[in-house]
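Below sits a lone chain in structure tokens, taken as the form predicted alone.
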């Protein structure tokens, strides 16, 4: 699972769309949220969302960083005109958050919530299921009050109805327990069925069956996008605050948006000696984790995937972009390229390898000049034809390449590649 952060705006928008069906009508959430950007002003939004001019508002940046109040980036209980002035002042200004510096470009606007009681609730996945974390002492100091957080685990093969929630309800007032149980149950169903990897509401309150979240942090399992795209809607996976997309990353992002397949690329270290071109979101995590486990995480140049049966042209464009990045700078001790993946269910290996071979033909001279050794490990439909094609191409082009099928374990091919790399060094 590849967990990717989403905006608070999207997390709340998705919740408003689905809360009724996950709670059978026992919990409501109005989902009054607006996203102000350089292209979408609060004035323009107010024409579609009249509550922006009639209710007291809370305004804050929505760019995947927290502690906004402590950074002076939280405006609460203000009217429309105050919010409009503050947004004009803050929009496109540069700020430093921790070790990151970047521009403020996205702001969440929502109705101000009066908190008679502050609760904390979070769901987080683990190897054997999911954790539910709950506290009656929610708020910005939750970390300092973590001893007041109660945790229960929901096994991966269990439903929320099978789990005893009494431990997290003990400190709740007796008259509120049933309502809170409904909230936790509905939100857990929402979290699990819509494939969140992490979902946190801190703080939140509820009244008369209405769920009122103040702050929300959420990460989705992006490998479930083909299952949940309709439920998620037009969700965005922003880059971390302070990090701008490189031109090549933006190019692949645009390819991905136009394709029914999945094409992802993140440059971690352009001077790195370990490059990967991996088919499949799950496989990409395994390959990257193995590189880190073997002690060469700092040499890992990129992270990404091509999956969902991309066309030959799409695979060529992806491979060409990767090879261009890889051959811009030489490393005295050489580099390795791992063209890997699991065993595909429906991706035509031979078709995608045609695209990779086209890119290898274009960059063969540079690959040899840079002393790059290539390791291939792939399985799936037409994999034998695909492996035969890429092996023949390597011989014809004079490339240093080792080709393996599904008989070679994914982590083993990484170990072999890194062993060869360290021996050269």
Partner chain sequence: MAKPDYVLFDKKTTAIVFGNQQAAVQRMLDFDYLAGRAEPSVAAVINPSGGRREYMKVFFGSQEIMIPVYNTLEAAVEEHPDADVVINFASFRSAYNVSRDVLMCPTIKTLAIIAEGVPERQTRELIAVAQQQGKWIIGPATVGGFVPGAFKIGNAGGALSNLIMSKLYRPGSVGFVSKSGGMLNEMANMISLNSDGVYEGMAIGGDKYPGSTLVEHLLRYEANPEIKLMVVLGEVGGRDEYEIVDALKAGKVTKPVIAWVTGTSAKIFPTAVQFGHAGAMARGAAETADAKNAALKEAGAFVPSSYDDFGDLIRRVYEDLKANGKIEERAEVEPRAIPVDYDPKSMRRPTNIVSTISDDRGEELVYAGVPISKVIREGFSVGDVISLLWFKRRLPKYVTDFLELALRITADHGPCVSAAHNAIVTASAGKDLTAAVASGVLTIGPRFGGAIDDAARYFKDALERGLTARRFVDEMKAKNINIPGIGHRVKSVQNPDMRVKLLEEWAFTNLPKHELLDFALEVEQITTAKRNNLILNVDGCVGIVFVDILRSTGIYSEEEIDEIISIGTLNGIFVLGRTIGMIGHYLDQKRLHSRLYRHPWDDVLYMLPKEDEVLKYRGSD
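Treat the numbers as computed from the prediction; the structure is a model and nothing was measured. Positions refer to the first chain, counted from 1.
Not pictured, yet referred to below: the form predicted in complex with the partner chain.
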* Within 4.5 Å of the partner chain in the model of the complex, heavy atoms considered, which of 401, 410, 15, 417? -> 410
* Asked: Using a 4.5 Å cut on heavy atoms, which of 261, 136, 223, 110 is close to the partner chain in the model of the complex?
  -> 223
* Structure fact -> Partner contact check in the model of the complex: of 96 to 104, 143 to 151, 329 to 337, 208 to 216, the stretch with a heavy atom within 4.5 Å of the partner chain is 96 to 104
* **Touches the partner chain in the model of the complex: residue 117 (any heavy atom, 4.5 Å)** => no
* To do: Look up in the model of the complex whether residue 288 has a non-hydrogen atom within 4.5 angstroms of the partner chain, and give yes or no.
  => yes
* **Residue contact check: residue 342 to the partner chain in the model of the complex, 4.5 Å heavy atom** => yes
* Considering only heavy atoms, tell me if residue 86 and the partner chain come within 4.5 Å of each other in the model of the complex. => no
* Quick one: in the model of the complex, does every one of 191, 268 and 282 get a heavy atom within 4.5 Å of the partner chain? -> yes
* **Residues within 4.5 Å of the partner chain in the model of the complex, restricted to 223 to 243 and counted by heavy atom** => 223, 224, 226, 227, 240, 241, 243
* To do: Report the direction of the Cα distance change between residue 96 and residue 301 in the model of the complex, compared with the displayed form, as closer or farther; the change is 3 Å or more.
  => closer
* Distance direction in the model of the complex for the C-alpha atoms of residue 269 and residue 101, relative to the displayed form (3 angstroms or more) -> closer
